[in-house]
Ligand SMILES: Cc1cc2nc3c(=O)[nH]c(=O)nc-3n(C[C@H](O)[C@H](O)[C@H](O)COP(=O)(O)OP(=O)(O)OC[C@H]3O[C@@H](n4cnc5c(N)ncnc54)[C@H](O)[C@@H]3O)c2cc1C
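Encoded as structure tokens, the following chain is the form predicted on its own, with no partner shown.
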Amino acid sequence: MHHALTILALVSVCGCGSWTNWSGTIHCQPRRVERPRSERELRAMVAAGSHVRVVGAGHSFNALACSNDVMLDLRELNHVLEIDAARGLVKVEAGITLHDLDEELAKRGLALGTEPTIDKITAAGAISTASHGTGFGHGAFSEEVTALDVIDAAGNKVIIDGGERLAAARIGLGALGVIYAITFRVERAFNFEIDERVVGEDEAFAQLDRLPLENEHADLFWLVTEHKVFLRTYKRTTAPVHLEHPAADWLLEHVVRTWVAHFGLAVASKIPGVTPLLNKAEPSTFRRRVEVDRSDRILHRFPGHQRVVSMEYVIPVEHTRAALRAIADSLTATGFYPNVPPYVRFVGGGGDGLLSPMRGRKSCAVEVLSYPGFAGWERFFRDLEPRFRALGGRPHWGKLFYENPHSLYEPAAWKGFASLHREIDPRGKFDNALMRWLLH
């Protein structure tokens, strides 16, 4: 249904809403935005609201968090509640960012075993959308969750710590109550050695089958128009921290790849002839580096932090090459000229999140991106989506998608999700337009 597609994209030109996501592409006008500062305040706000949606850092690319009634911003609920090093557990409030959680754990010689790429997102937002890192040893970040403290529609606290209820609640899409606290597995702190280099696309693509098997972690950025790949492989090490040129790295990351690149993309979106020049220059911003750093700093080591639009599909790993061909075919079909490299990660799927896109299989997560000012990106995304679905792909819940993914999951997964939904929220207090479309 065309109106459902509009709901999912929900890209507004108004800009007059009282809430907008991080990239400024999603807007909504809730009746009010509330910011609880304690569990007691949160429970009272939930009980009093007629329709409630929750937002963390606003880093999603679709309308999942949007509401025309009450939005709860949980970023004031950002404390570490308990650390049990002996049992390897940490309990945190939902609104803590991954960056702050990493720092608190590091002080105690602890670390998360895996994390999503971006550290500015909140813990609850990361698990609720099945955000993930890379490596066959882990699936979605939600797999690290052992228990959740959830506020139901009546404002009561419900502890979910096992069985199918936890399998559903780990990736709740904001519809299975309001998460107040999360208990994660943690382990002793460790370092990663990362090897970064630019190689020709033929050389990189010849390694696609081996990369996730021979390396604990591997990901790549495809510099499509230049026929090159920025390739990263990394593994645990007992070696001490070793950074070759930390000051130069900081300037490259935070000045060149962020502010200079942002200015260049803004200009290129208005003057199309600039884009090929930017793409040609991009490989020179990457250099060969073999460095060692704290695990979380390597996991969050992401080249550039542009405000972009994004669509990501999680595809069975045996179709990785076909997914890359699909991108090339779609670029040809739509005439869209890429301005941000597609990003490929390899992910496991051994966890039990019912609505995990990587559930039950090893996958490649293929993300396409664009600076939002460029004409034609949505046409490209829409053309590419059915190609990804034909390969068995499932969309990342926090990014753009246009076709309903309901049929991409086993009926039993939706049954388990619906069962907990009826228990936590019998009257649909936590639903919004997007959730109603997904659930029915």
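Residue numbers here begin at 1 and follow the sequence given. Only a predicted model underlies this, so the values are computations on that prediction, with no experimental measurement involved.
Another form, the form predicted together with the named molecule, is not on view; read the next lines as being about it.
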item	value
Options 126-134, 319-327, 81-89, 284-292; stretch whose heavy atom lies within 4.5 Å of the named molecule in the predicted bound form	126-134
S67: touches the named molecule in the predicted bound form, heavy atom cutoff 4.5 angstroms	no
Any non-hydrogen atom of R257 within 4.5 angstroms of the named molecule in the predicted bound form	no
G56, heavy atom within 4.5 angstroms of the named molecule in the predicted bound form	yes
Any non-hydrogen atom of T122 within 4.5 angstroms of the named molecule in the predicted bound form	yes
In the predicted bound form, the residue from L220, V340, I315, I179 that sits within 4.5 Å of the named molecule by heavy atoms	I179
Contact residue in the predicted bound form, chosen from V344, L101, A168, L74 - any heavy atom within 4.5 Å of the named molecule	L74
